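So this first bit is one chain, no partners, the form predicted alone, shown in structure tokens.
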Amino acid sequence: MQQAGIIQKLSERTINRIAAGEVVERPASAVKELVENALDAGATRVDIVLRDGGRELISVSDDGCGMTADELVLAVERHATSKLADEDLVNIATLGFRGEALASIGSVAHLTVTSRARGSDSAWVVQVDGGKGQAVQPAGHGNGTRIEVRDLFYATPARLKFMKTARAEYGQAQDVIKRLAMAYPGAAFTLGDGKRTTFKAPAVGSLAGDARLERLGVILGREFRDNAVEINAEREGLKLTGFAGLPTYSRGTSSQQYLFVNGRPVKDRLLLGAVRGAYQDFLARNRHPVLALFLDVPPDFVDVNVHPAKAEVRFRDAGLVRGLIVSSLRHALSAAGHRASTTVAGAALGAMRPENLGNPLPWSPPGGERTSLPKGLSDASFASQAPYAGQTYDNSQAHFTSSDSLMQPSARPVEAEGDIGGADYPLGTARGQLHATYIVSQIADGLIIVDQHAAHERLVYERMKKALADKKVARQVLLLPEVVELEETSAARLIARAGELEAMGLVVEAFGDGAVVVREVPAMLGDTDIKGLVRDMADELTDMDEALSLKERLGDVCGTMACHGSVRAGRRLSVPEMNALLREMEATPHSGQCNHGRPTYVELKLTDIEKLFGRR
């Protein structure tokens, strides 16, 4: 180990390079700083060009307020900025505020800044090479600023070894631009490599909900726009807006979760944890929602100066922020009702395309004419005829019980098409059951296929949560108590939680070593597999932190019970029972997905079905 020498003051050049190591980690970091400067300057258009992933060239042009010759001299100096009024680090209202970006970039690259102040008749240029600045010179340039960074990290070659491929670096920079474009829909953005434009987001006007959704649709795709719910909530001076995808529109990673605080893109663990908590009832642990949330707080409520790259923030009251996010997301998802994502139908149709079938049927005869329907039968009448045409039910009786017959409907007659679908019955009228597992329902413009077990599992789950919240969990005493044999440690865990389980309707007692006896179960579960339920509950407690109460893990416990208390695949249902299930789905929040985030039903439009058979 080398012995330390005499303490000396570092040179300005070394100081700049150390600062650059924190601020300019890779080309995307430089792009972020430069584009944020452009937005702070009031730009309504920002054009970015990257060559070789940003190593050869980074060019950022904007139509912002520009700079005078005197301001250019200061702009490339360390810690010189126009954004920190009275050196107040508490009330920060801009994206940049430290005044170190240009100096840091200039210390490790060839930097050229050309600018013309708004209203001025002349433009100026300044160059910085490896930390050495040159005199400001006159230049030809329109309003705004153009910054060029060439040969990034040429002055610190060791940093080049840690860079990834040009494509990977370009992708990172594109992600940065997308995030800023989400936060500022009023500005236009383009990104290219000098030969082609790979990202383009035209300005969409104000920051209103429709404008922001339009911008998100450009960046995240039309599918997100079609499957997102709006978030708009306020609490104690904090405002949360944005859009969140339905649970059935989810991803395998959290890479499409975009979070912003006062217009600043952040990757904060507190915010990500709040999102996970809001969706925990609706998604499996390996699935992640797609969303873009914009949190606006008073400047003195948040500290944005806790991370070198300003990617993390610290809140004065983290609990208030987390509560706002969780409650807002849950309220919006509840308002979505039984709605499921449109991508579910697309996936189903994709599986039925001819290229995905082992022995596809021809769409038309050799002459190219469409096969005609039987004589006297039109397209409309063919679509409307189905089994059980005269069946219906009484909506007031749409309730499930534990008996073999789930309900006893009234025999109200039905009009030929009056109850097929529409505002009263969005999920239509049951027409039959496939493989004793799937309910087929007809709606006015298509059909719906329901997974009866997944759907009823969600209904039982929501009913159980409501009963627990109201402290009205009805219990059913077993005529013959059920003895369940377990491992000794598992039985001990159950008995240790017996009081909490009793509050949830499950009454268990010790029955010797390695066994428990079940005396009462939640009445809403009906005729359930008691042994399977108890064993699954024991496994759930094994994986649970012993410091947590069952109330804190309410979702997991209710999910386990609901799964055992649901209509099983393979059970034949009558048409009135199927209709009762559909009606309760329509009245129950979140019924579009089961407890694991899978869809409970697929909706196929008649036009799509006709395409499958070559009718369109």
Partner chain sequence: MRVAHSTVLKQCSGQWIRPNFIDRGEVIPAQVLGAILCTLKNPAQDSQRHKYEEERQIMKFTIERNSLLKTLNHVQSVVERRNTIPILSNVMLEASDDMVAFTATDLDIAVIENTPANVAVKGSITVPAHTLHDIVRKLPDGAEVELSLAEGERLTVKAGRSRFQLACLPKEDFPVMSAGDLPHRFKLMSEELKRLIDKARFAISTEETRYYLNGIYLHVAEGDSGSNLRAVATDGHRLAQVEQEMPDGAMGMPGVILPRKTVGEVRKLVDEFEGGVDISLSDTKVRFTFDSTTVISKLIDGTFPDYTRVIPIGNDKMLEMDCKVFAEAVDRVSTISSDKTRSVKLSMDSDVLTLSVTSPDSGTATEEVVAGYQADALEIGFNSRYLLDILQQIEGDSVQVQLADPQSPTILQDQLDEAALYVLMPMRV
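Residue numbers count along the first chain shown, from 1. Just so we're on the same page, rigid core means the largest C-alpha set that superposes within 1.5 Å between forms. Here the structure is a predicted model, which means the values were calculated and not measured.
One more form of this protein exists, namely the form predicted in complex with its partner chain; it is left out here, but the text below deals with it.
Checklist line | its partner chain contact in the predicted complex: Thr528, any heavy atom under 4.5 Å | finding: Although its partner chain is absent here, Thr528 would touch it in the predicted complex, with heavy atoms inside 4.5 Å.
Margin query: If we define contact as a non-hydrogen atom of the residue within 4.5 angstroms of the partner, is Asp226 a contact of its partner chain in the predicted complex?
Written below: No.
Next item on the list: Report whether the minimum heavy atom distance between Thr198 and its partner chain in the predicted complex is within 4.5 Å.
Entry: No.
Notebook entry, point to check: Looking in the predicted complex, any heavy atom of Ala515 within 4.5 Å of its partner chain?
Noted result: Contact with its partner chain, no.
Check: Here the chain is shown alone; which of Ser327, Gln476, Thr112, Thr156 has a heavy atom within 4.5 Å of its partner chain in the predicted complex?
Finding: Contact with its partner chain in the predicted complex is made by Gln476 alone.
Notebook entry, point to check: Can you pick the one in Ala173, Val218, Met524, Val297 that has a heavy atom within 4.5 Å of its partner chain in the predicted complex?
Noted result: None of the other options qualify; the answer is Met524.
Next item on the list: Name the stretch: of 182-190, 466-474, 245-253, 267-275, exactly one has residues whose heavy atoms fall within 4.5 Å of its partner chain in the predicted complex.
Entry: Of the options given, it is 466-474.
Notebook entry, point to check: Does Pro522 show a Cα shift reaching 2 Å between the shown form and the other one after rigid-core superposition?
Noted result: After core superposition, the C-alpha of Pro522 moves 2 Å or more between the shown form and the other one.
Check: Superposing on the rigid core, is the CA of Arg196 displaced by 2 Å or more between the shown form and the other one?
Finding: Shift of 2 Å or more: no.
Checklist line | Rigid core fit then Gln127 CA moved by 2 Å or more between the shown form and the other one | finding: After core superposition, the C-alpha of Gln127 moves less than 2 Å between the shown form and the other one.
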